[in-house]
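Okay, so here's just one chain, in structure tokens, the form predicted alone.
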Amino acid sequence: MTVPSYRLLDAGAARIAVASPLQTLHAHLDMVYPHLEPQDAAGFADVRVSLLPEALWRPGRRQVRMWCDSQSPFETYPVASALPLFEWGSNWLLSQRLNAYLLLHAGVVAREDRAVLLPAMPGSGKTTLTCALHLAGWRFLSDEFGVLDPDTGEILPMTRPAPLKNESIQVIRARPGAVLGPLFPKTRKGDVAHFVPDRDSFSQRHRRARPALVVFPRFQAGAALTCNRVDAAQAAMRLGLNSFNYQALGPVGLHAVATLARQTHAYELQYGDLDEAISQVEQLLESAP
């Protein structure tokens, strides 16, 4: 099969080139990256992937496989779910390659270039809170990667669509200004729809921010809001645990998380109501040094 030409997606901290003959995938990419202008894909890209359909063995069961550097590290997906495969697969590839930076598993939003990092394990409500903060007027830097430059201590945006899952889809869709891509039901991670950051966030995807606050979110349905300070030593340990490449960076990673923990205030935030959580994060930023 002849692989079609690549298209380049410039997310800020990284450039992803993707090629595929699947017109539905390109239509979905147009929906979730509506603010990116066309760019020449012949130059450098951190990751180059191809999504190619597998041979059709049984009607209605056609699959797509993702390739990178002549290897296919992922299982096939149904052709209709090519976009989730691309988003998850390219994120995994980036987590293995961007070792010039410390990559925290965190949502990141900013006000006046003061960044709030939301590190959390999957299922903690990180993506939902990140999207809700963005809709409340914060600049969207990332949902998946807190990209920390260890030389400067600054955060680089990784502006890509945020994958909402299951109940979070309707929670965010109901909020004013929310733009979501198509719904992909019954994927291996449940129902998925991608939240689209606004035009300003995409246009400022090369504008760095200075970390001002670290919030470890934890959603619990029906829970009252609680917010507790986390000391610097505990914050550093938890930042390391919520990192893709902390161990791979060795002393550089240790120094980066220790510096970040010393220079910011950190809190653990349990919430059951999004608006209460947003108000609390805003108050914490106002009181942050």
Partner chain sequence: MPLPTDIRHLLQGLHAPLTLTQPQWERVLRRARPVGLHARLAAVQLPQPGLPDPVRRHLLSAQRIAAHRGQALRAELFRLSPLVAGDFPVIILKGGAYLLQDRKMARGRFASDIDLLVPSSHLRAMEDRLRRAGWQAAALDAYDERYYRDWSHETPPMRFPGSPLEVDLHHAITPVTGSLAFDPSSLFSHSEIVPGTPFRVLSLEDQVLHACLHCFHDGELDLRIREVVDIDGLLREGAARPHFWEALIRRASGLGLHRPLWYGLHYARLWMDCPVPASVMERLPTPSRRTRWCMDTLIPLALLPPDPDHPPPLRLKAAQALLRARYHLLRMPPHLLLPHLAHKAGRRLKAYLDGGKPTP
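Positions refer to the first chain, counted from 1. Being a predicted model, the structure only gives us computed values, none of them experimental.
The next section is about a form of this same protein that is not shown, the form predicted together with its partner chain.
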(request) Report yes if any heavy atom of residue 30 sits within 4.5 Å of a heavy atom of its partner chain in the predicted complex; otherwise report no. (result) no
(message) Is residue 220 near its partner chain? Define near as a heavy atom within 4.5 Å, in the predicted complex.
(response) no
(message) Is it the case that residue 111, even though its partner is missing from this view, gets within 4.5 Å of its partner chain in the predicted complex, heavy atoms only?
(response) no
(request) Examine residue 200 and determine whether its closest non-hydrogen atom to its partner chain in the predicted complex is within 4.5 angstroms. (result) no
(request) Note which of 193, 98, 172, 213 lies within 4.5 Å of its partner chain in the predicted complex, where distance is taken over heavy atoms; exactly one does. (result) 98
(message) Tell me which stretch of 22-30, 234-242, 220-228, 247-255 has a heavy atom within 4.5 angstroms of its partner chain in the predicted complex.
(response) 247-255
(request) Can you tell me which bits of 5-20 touch its partner chain in the predicted complex, meaning any heavy atom within 4.5 Å? (result) 6, 13
